[in-house]
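First, one chain by itself: the form predicted alone, in C-alpha coordinates.
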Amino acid sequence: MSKLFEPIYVGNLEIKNRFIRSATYYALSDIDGYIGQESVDLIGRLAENEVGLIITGYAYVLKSGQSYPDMNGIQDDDHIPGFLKMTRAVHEVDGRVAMQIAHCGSASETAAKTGGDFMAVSMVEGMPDYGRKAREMTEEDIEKIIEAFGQAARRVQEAGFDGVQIHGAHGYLASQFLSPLSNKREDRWGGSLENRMRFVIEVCCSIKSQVDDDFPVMIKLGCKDYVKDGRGLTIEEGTKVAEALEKEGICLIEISHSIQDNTFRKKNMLGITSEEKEACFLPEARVIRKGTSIPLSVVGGLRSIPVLEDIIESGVTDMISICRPLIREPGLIKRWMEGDQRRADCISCGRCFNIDDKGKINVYCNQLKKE
(Lines give C-alpha, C1' and ligand atoms only; values in the text may rest on other atoms or scores of the structure.)
Protein backbone atom coordinates (compact mmCIF):
# COMPACT_ATOMS: atom_id res chain seq x y z
CA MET A 1 0.00 0.00 0.00
CA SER A 2 1.22 3.50 -0.78
CA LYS A 3 2.57 5.41 2.21
CA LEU A 4 0.04 8.12 1.28
CA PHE A 5 -2.67 5.94 2.79
CA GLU A 6 -0.84 4.96 5.97
CA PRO A 7 -1.85 6.53 9.32
CA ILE A 8 0.20 9.20 11.04
CA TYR A 9 0.19 10.87 14.43
CA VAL A 10 0.10 14.66 14.78
CA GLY A 11 0.76 15.17 18.44
CA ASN A 12 -1.46 12.57 20.07
CA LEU A 13 -4.00 12.68 17.21
CA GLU A 14 -4.07 9.69 14.88
CA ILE A 15 -4.98 10.53 11.30
CA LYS A 16 -5.99 7.72 8.96
CA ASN A 17 -3.92 8.84 5.96
CA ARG A 18 -1.49 11.55 4.86
CA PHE A 19 -4.02 13.89 3.27
CA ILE A 20 -5.09 17.26 4.65
CA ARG A 21 -7.92 19.27 3.23
CA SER A 22 -6.21 22.63 3.42
CA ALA A 23 -8.40 25.37 4.89
CA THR A 24 -10.61 26.74 2.13
CA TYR A 25 -12.96 29.72 2.30
CA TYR A 26 -16.43 28.46 1.38
CA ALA A 27 -18.68 31.52 1.81
CA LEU A 28 -21.53 29.87 3.74
CA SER A 29 -21.75 31.75 7.05
CA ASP A 30 -23.98 34.71 7.87
CA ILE A 31 -22.71 38.26 8.49
CA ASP A 32 -21.88 37.38 12.11
CA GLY A 33 -19.98 34.21 11.22
CA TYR A 34 -22.63 31.68 12.25
CA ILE A 35 -22.62 28.45 10.26
CA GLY A 36 -25.64 26.49 9.07
CA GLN A 37 -26.44 23.02 7.76
CA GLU A 38 -24.71 23.67 4.43
CA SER A 39 -21.39 24.06 6.21
CA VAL A 40 -22.00 20.92 8.26
CA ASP A 41 -22.87 18.95 5.13
CA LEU A 42 -19.82 20.21 3.24
CA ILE A 43 -17.34 19.17 5.92
CA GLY A 44 -19.20 15.94 6.64
CA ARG A 45 -19.02 15.01 2.94
CA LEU A 46 -15.24 15.41 2.95
CA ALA A 47 -14.99 13.13 5.99
CA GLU A 48 -17.16 10.51 4.29
CA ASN A 49 -14.77 10.63 1.34
CA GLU A 50 -11.73 9.67 3.42
CA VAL A 51 -9.91 13.00 3.78
CA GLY A 52 -7.52 12.30 6.65
CA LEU A 53 -7.62 15.70 8.35
CA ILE A 54 -10.10 18.37 7.34
CA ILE A 55 -9.26 21.97 8.21
CA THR A 56 -12.22 24.31 8.05
CA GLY A 57 -12.27 27.62 6.23
CA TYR A 58 -10.75 30.38 8.36
CA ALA A 59 -12.78 31.80 11.24
CA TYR A 60 -12.18 35.29 12.60
CA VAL A 61 -11.35 35.62 16.29
CA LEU A 62 -12.67 39.21 16.47
CA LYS A 63 -15.05 41.14 14.22
CA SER A 64 -12.20 43.55 13.50
CA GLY A 65 -10.50 40.67 11.66
CA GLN A 66 -13.39 39.79 9.33
CA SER A 67 -12.39 39.67 5.69
CA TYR A 68 -15.63 38.59 3.96
CA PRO A 69 -19.27 39.02 5.02
CA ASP A 70 -19.82 35.24 4.89
CA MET A 71 -16.59 34.22 6.61
CA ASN A 72 -16.82 31.83 9.57
CA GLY A 73 -16.61 33.36 13.02
CA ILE A 74 -15.53 32.03 16.40
CA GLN A 75 -15.48 35.32 18.33
CA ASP A 76 -17.88 34.32 21.09
CA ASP A 77 -19.33 31.27 22.81
CA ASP A 78 -22.60 31.46 20.90
CA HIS A 79 -20.78 29.90 17.92
CA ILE A 80 -20.03 26.67 19.75
CA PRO A 81 -23.42 24.89 19.20
CA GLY A 82 -23.28 25.30 15.42
CA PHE A 83 -19.76 23.93 15.23
CA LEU A 84 -20.68 21.04 17.55
CA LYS A 85 -23.03 19.83 14.82
CA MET A 86 -20.13 19.90 12.38
CA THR A 87 -17.70 17.97 14.56
CA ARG A 88 -20.33 15.37 15.41
CA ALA A 89 -21.03 14.82 11.71
CA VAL A 90 -17.32 14.27 11.09
CA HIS A 91 -16.81 11.97 14.07
CA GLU A 92 -19.83 9.86 13.14
CA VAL A 93 -17.86 8.67 10.10
CA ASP A 94 -14.56 8.40 12.02
CA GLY A 95 -13.14 11.59 10.51
CA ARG A 96 -10.82 14.21 11.98
CA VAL A 97 -11.38 17.95 11.77
CA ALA A 98 -9.52 21.05 12.94
CA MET A 99 -10.53 24.70 12.75
CA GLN A 100 -8.36 27.40 11.26
CA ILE A 101 -8.57 30.67 13.19
CA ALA A 102 -7.44 34.05 11.96
CA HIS A 103 -7.41 37.79 12.14
CA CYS A 104 -7.07 39.43 8.74
CA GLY A 105 -5.53 42.73 9.86
CA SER A 106 -5.38 45.28 7.05
CA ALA A 107 -7.11 42.73 4.76
CA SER A 108 -10.27 42.87 6.93
CA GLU A 109 -12.47 44.20 4.14
CA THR A 110 -15.83 43.58 5.79
CA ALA A 111 -14.70 45.18 9.06
CA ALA A 112 -13.62 48.22 7.06
CA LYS A 113 -16.80 48.49 4.98
CA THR A 114 -19.21 47.98 7.88
CA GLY A 115 -17.71 50.60 10.16
CA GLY A 116 -15.71 48.17 12.26
CA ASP A 117 -12.38 48.79 13.93
CA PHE A 118 -10.13 48.63 10.87
CA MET A 119 -6.49 48.19 11.88
CA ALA A 120 -3.07 47.60 10.36
CA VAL A 121 0.30 46.54 11.75
CA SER A 122 1.87 49.61 10.13
CA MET A 123 0.75 52.31 7.74
CA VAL A 124 2.60 51.37 4.55
CA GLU A 125 2.28 52.39 0.94
CA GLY A 126 0.11 50.14 -1.20
CA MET A 127 -1.94 48.63 1.64
CA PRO A 128 -5.60 47.77 0.89
CA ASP A 129 -8.06 50.65 0.60
CA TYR A 130 -11.68 49.75 1.30
CA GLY A 131 -13.03 53.28 1.22
CA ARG A 132 -11.31 54.40 4.40
CA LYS A 133 -7.87 54.16 5.90
CA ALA A 134 -6.93 51.72 8.61
CA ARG A 135 -5.41 52.93 11.85
CA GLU A 136 -2.14 51.57 13.20
CA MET A 137 -2.51 49.07 16.01
CA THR A 138 -1.59 50.08 19.52
CA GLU A 139 0.08 47.81 22.05
CA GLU A 140 -3.31 47.37 23.68
CA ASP A 141 -4.87 46.33 20.35
CA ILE A 142 -2.19 43.72 19.80
CA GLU A 143 -2.58 42.24 23.26
CA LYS A 144 -6.36 42.11 22.81
CA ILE A 145 -6.01 40.18 19.55
CA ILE A 146 -3.53 37.74 21.08
CA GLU A 147 -5.96 37.07 23.92
CA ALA A 148 -8.77 36.63 21.38
CA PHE A 149 -6.83 33.86 19.63
CA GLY A 150 -6.53 32.03 22.93
CA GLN A 151 -10.23 32.36 23.71
CA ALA A 152 -11.13 31.29 20.16
CA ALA A 153 -9.01 28.13 20.57
CA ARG A 154 -10.80 27.34 23.82
CA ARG A 155 -14.10 27.50 21.92
CA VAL A 156 -12.66 25.30 19.19
CA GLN A 157 -11.86 22.59 21.72
CA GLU A 158 -15.24 22.96 23.45
CA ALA A 159 -16.93 22.56 20.05
CA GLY A 160 -15.37 19.12 19.70
CA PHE A 161 -12.66 19.80 17.12
CA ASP A 162 -9.61 17.56 17.03
CA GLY A 163 -7.19 20.47 16.80
CA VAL A 164 -6.77 24.13 15.93
CA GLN A 165 -4.70 25.77 13.21
CA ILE A 166 -3.36 29.31 13.33
CA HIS A 167 -3.57 31.10 9.99
CA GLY A 168 -0.03 32.40 9.72
CA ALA A 169 0.06 32.83 5.95
CA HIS A 170 -1.37 34.53 2.85
CA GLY A 171 -0.77 38.10 3.90
CA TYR A 172 -3.19 38.10 6.83
CA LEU A 173 -2.29 39.49 10.24
CA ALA A 174 0.40 37.01 11.30
CA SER A 175 2.02 37.41 7.87
CA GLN A 176 1.74 41.18 8.18
CA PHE A 177 3.73 41.07 11.41
CA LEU A 178 6.34 38.70 10.01
CA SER A 179 7.01 40.56 6.78
CA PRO A 180 9.27 43.64 6.74
CA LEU A 181 7.18 44.79 3.77
CA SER A 182 4.13 45.34 5.99
CA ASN A 183 5.73 45.69 9.41
CA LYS A 184 7.56 49.00 9.83
CA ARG A 185 7.03 49.26 13.56
CA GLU A 186 9.79 50.58 15.80
CA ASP A 187 8.56 49.03 19.04
CA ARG A 188 8.96 45.47 20.36
CA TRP A 189 6.67 44.15 17.60
CA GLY A 190 8.80 45.30 14.67
CA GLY A 191 12.31 45.63 13.30
CA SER A 192 14.37 42.48 13.98
CA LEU A 193 13.04 39.03 13.12
CA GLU A 194 12.80 38.30 16.83
CA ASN A 195 10.44 41.25 17.20
CA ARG A 196 8.49 40.55 14.01
CA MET A 197 7.84 36.94 15.03
CA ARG A 198 6.80 37.97 18.55
CA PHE A 199 3.13 38.26 17.56
CA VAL A 200 2.76 34.72 16.21
CA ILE A 201 4.78 33.27 19.10
CA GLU A 202 2.55 35.08 21.61
CA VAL A 203 -0.54 33.84 19.75
CA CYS A 204 0.75 30.30 20.09
CA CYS A 205 1.38 30.80 23.84
CA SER A 206 -2.08 32.31 24.31
CA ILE A 207 -3.69 29.32 22.63
CA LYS A 208 -1.64 26.81 24.60
CA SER A 209 -2.73 28.49 27.84
CA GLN A 210 -6.42 28.02 27.00
CA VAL A 211 -6.55 24.43 25.72
CA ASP A 212 -5.60 21.06 27.18
CA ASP A 213 -1.89 20.24 27.15
CA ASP A 214 -2.38 17.48 24.56
CA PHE A 215 -4.75 19.42 22.27
CA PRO A 216 -3.05 19.70 18.84
CA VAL A 217 -2.05 23.24 17.91
CA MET A 218 -0.94 23.67 14.30
CA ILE A 219 -0.05 26.52 11.97
CA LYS A 220 -0.32 27.31 8.28
CA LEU A 221 2.92 29.22 7.89
CA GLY A 222 3.74 31.72 5.18
CA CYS A 223 7.40 30.77 5.05
CA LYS A 224 8.45 33.40 2.52
CA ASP A 225 7.29 36.52 0.68
CA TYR A 226 7.09 36.02 -3.07
CA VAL A 227 7.55 39.41 -4.69
CA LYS A 228 9.47 40.15 -7.87
CA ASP A 229 12.08 42.42 -6.32
CA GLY A 230 13.06 39.74 -3.79
CA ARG A 231 12.38 41.89 -0.74
CA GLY A 232 10.38 40.75 2.25
CA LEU A 233 10.42 37.68 4.47
CA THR A 234 13.14 35.25 3.34
CA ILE A 235 13.06 31.47 3.55
CA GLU A 236 15.95 31.64 6.02
CA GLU A 237 13.80 33.83 8.28
CA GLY A 238 10.77 31.61 7.70
CA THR A 239 12.79 28.60 8.82
CA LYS A 240 13.77 30.38 12.03
CA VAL A 241 10.10 31.12 12.67
CA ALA A 242 9.25 27.44 12.13
CA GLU A 243 12.01 26.38 14.55
CA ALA A 244 10.75 28.82 17.20
CA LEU A 245 7.17 27.61 16.82
CA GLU A 246 8.24 23.99 17.22
CA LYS A 247 9.88 24.94 20.54
CA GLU A 248 6.59 26.52 21.64
CA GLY A 249 4.67 23.28 21.08
CA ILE A 250 3.30 23.56 17.55
CA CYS A 251 2.78 19.96 16.36
CA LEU A 252 2.26 20.44 12.60
CA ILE A 253 3.43 23.12 10.17
CA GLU A 254 1.63 23.46 6.85
CA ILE A 255 3.97 25.23 4.44
CA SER A 256 2.51 27.93 2.22
CA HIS A 257 3.23 31.49 1.10
CA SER A 258 3.16 34.80 2.90
CA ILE A 259 2.78 37.99 0.84
CA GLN A 260 2.84 37.31 -2.90
CA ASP A 261 2.41 39.34 -6.07
CA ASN A 262 0.24 38.49 -9.07
CA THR A 263 3.27 37.61 -11.19
CA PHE A 264 4.18 34.77 -8.85
CA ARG A 265 0.58 33.57 -8.62
CA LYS A 266 0.03 33.47 -12.36
CA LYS A 267 3.34 31.72 -13.00
CA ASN A 268 3.23 29.15 -10.22
CA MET A 269 -0.33 28.65 -8.99
CA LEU A 270 -2.51 28.68 -12.10
CA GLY A 271 -2.72 26.32 -15.06
CA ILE A 272 -1.22 23.27 -13.35
CA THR A 273 -1.64 20.70 -16.09
CA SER A 274 1.52 18.61 -15.73
CA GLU A 275 3.62 17.04 -12.98
CA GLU A 276 6.42 19.52 -13.70
CA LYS A 277 4.19 22.39 -12.57
CA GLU A 278 3.17 20.81 -9.28
CA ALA A 279 4.43 21.46 -5.73
CA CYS A 280 5.51 25.09 -6.10
CA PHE A 281 6.55 25.36 -2.43
CA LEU A 282 8.55 22.14 -2.32
CA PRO A 283 11.97 23.89 -2.46
CA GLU A 284 11.03 25.91 0.63
CA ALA A 285 9.74 22.77 2.35
CA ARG A 286 13.15 21.18 1.90
CA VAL A 287 14.79 24.09 3.69
CA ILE A 288 12.32 24.04 6.58
CA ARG A 289 12.65 20.26 6.91
CA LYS A 290 16.35 20.67 7.77
CA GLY A 291 15.48 22.82 10.77
CA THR A 292 12.44 20.96 12.15
CA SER A 293 11.52 17.50 13.38
CA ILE A 294 7.73 17.80 13.79
CA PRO A 295 5.34 16.71 11.00
CA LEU A 296 5.23 19.02 7.99
CA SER A 297 2.73 19.33 5.19
CA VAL A 298 2.98 21.25 1.96
CA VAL A 299 0.25 22.84 -0.15
CA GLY A 300 0.39 24.30 -3.64
CA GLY A 301 -0.70 22.70 -6.90
CA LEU A 302 -0.49 19.05 -5.86
CA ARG A 303 -2.42 16.92 -8.34
CA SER A 304 -0.85 13.53 -9.15
CA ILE A 305 -0.02 10.41 -7.16
CA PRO A 306 3.59 10.00 -8.42
CA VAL A 307 4.49 13.53 -7.28
CA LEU A 308 2.80 13.04 -3.91
CA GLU A 309 4.48 9.69 -3.31
CA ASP A 310 7.89 11.14 -4.14
CA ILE A 311 7.37 13.94 -1.61
CA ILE A 312 6.33 11.58 1.20
CA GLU A 313 8.91 8.88 0.43
CA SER A 314 11.69 11.48 0.36
CA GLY A 315 10.79 12.59 3.88
CA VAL A 316 10.57 16.27 2.90
CA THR A 317 7.05 16.40 4.33
CA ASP A 318 4.92 13.90 6.19
CA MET A 319 1.54 14.98 4.81
CA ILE A 320 0.01 16.47 1.67
CA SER A 321 -2.37 19.43 1.70
CA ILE A 322 -4.94 19.78 -1.05
CA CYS A 323 -7.42 22.60 -1.54
CA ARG A 324 -8.98 23.40 -4.90
CA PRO A 325 -9.10 19.83 -6.27
CA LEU A 326 -11.53 18.98 -3.46
CA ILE A 327 -13.84 21.78 -4.58
CA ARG A 328 -14.13 20.07 -7.95
CA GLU A 329 -13.89 16.49 -6.64
CA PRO A 330 -14.92 16.03 -2.99
CA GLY A 331 -14.40 12.27 -3.50
CA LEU A 332 -10.83 12.58 -4.83
CA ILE A 333 -9.03 10.90 -1.90
CA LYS A 334 -11.52 8.03 -1.82
CA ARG A 335 -11.11 7.60 -5.59
CA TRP A 336 -7.36 7.33 -5.19
CA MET A 337 -7.71 4.92 -2.27
CA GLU A 338 -9.96 2.66 -4.31
CA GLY A 339 -7.39 2.35 -7.07
CA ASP A 340 -8.38 4.99 -9.62
CA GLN A 341 -5.19 7.02 -9.43
CA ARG A 342 -5.68 9.34 -12.36
CA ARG A 343 -4.45 12.84 -11.54
CA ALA A 344 -6.94 15.25 -9.99
CA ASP A 345 -9.34 16.79 -12.50
CA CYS A 346 -8.58 20.31 -11.23
CA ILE A 347 -6.40 22.32 -13.63
CA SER A 348 -6.08 25.38 -11.37
CA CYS A 349 -8.02 27.69 -13.66
CA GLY A 350 -8.70 30.01 -10.72
CA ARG A 351 -12.47 29.94 -11.19
CA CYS A 352 -13.50 28.53 -7.83
CA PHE A 353 -14.95 31.75 -6.47
CA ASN A 354 -17.89 33.02 -8.48
CA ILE A 355 -19.94 36.17 -7.91
CA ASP A 356 -23.68 36.08 -8.63
CA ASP A 357 -25.86 38.99 -9.77
CA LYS A 358 -26.36 40.06 -6.14
CA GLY A 359 -22.63 40.30 -5.49
CA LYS A 360 -22.59 37.11 -3.38
CA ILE A 361 -19.53 34.87 -3.68
CA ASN A 362 -20.35 31.22 -4.38
CA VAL A 363 -17.64 28.58 -4.16
CA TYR A 364 -17.84 25.89 -6.82
CA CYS A 365 -15.88 24.67 -9.84
CA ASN A 366 -16.95 27.04 -12.61
CA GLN A 367 -15.26 24.82 -15.20
CA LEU A 368 -17.21 21.77 -14.02
CA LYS A 369 -20.48 23.70 -14.25
CA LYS A 370 -19.69 24.56 -17.87
CA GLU A 371 -19.05 20.92 -18.65
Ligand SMILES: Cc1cc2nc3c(=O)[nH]c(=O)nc-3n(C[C@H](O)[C@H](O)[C@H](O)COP(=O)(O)O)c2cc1C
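What you see is a predicted model; the values in this text were computed from it and never measured. Numbering starts at 1 and runs along the sequence shown.
There is also a form predicted in complex with this ligand; it is not shown, and the following applies to it.
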query	finding
The unique member of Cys323, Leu28, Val40, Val307 whose heavy atoms fall within 4.5 Å of this ligand in the predicted complex	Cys323
Candidate from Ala285, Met269, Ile201, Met127 lying within 4.5 Å of this ligand in the predicted complex - any heavy atom	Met269
All of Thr24, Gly301 and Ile327 within 4.5 Å of this ligand in the predicted complex, heavy atom check	yes
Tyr9, heavy atom within 4.5 angstroms of this ligand in the predicted complex	no
Non-hydrogen atom contact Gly52 with this ligand in the predicted complex at 4.5 angstroms	no
Distance check, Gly44 to this ligand in the predicted complex, heavy atom within 4.5 Å	no
Residue contact check: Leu13 to this ligand in the predicted complex, 4.5 Å heavy atom	no
Answer range among 190-198, 222-230, 163-171, 141-149 for contact with this ligand, defined in the predicted complex as heavy atoms within 4.5 Å	163-171
Residues of 252-267 having any heavy atom within 4.5 Å of this ligand in the predicted complex, listed in sequence order	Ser256
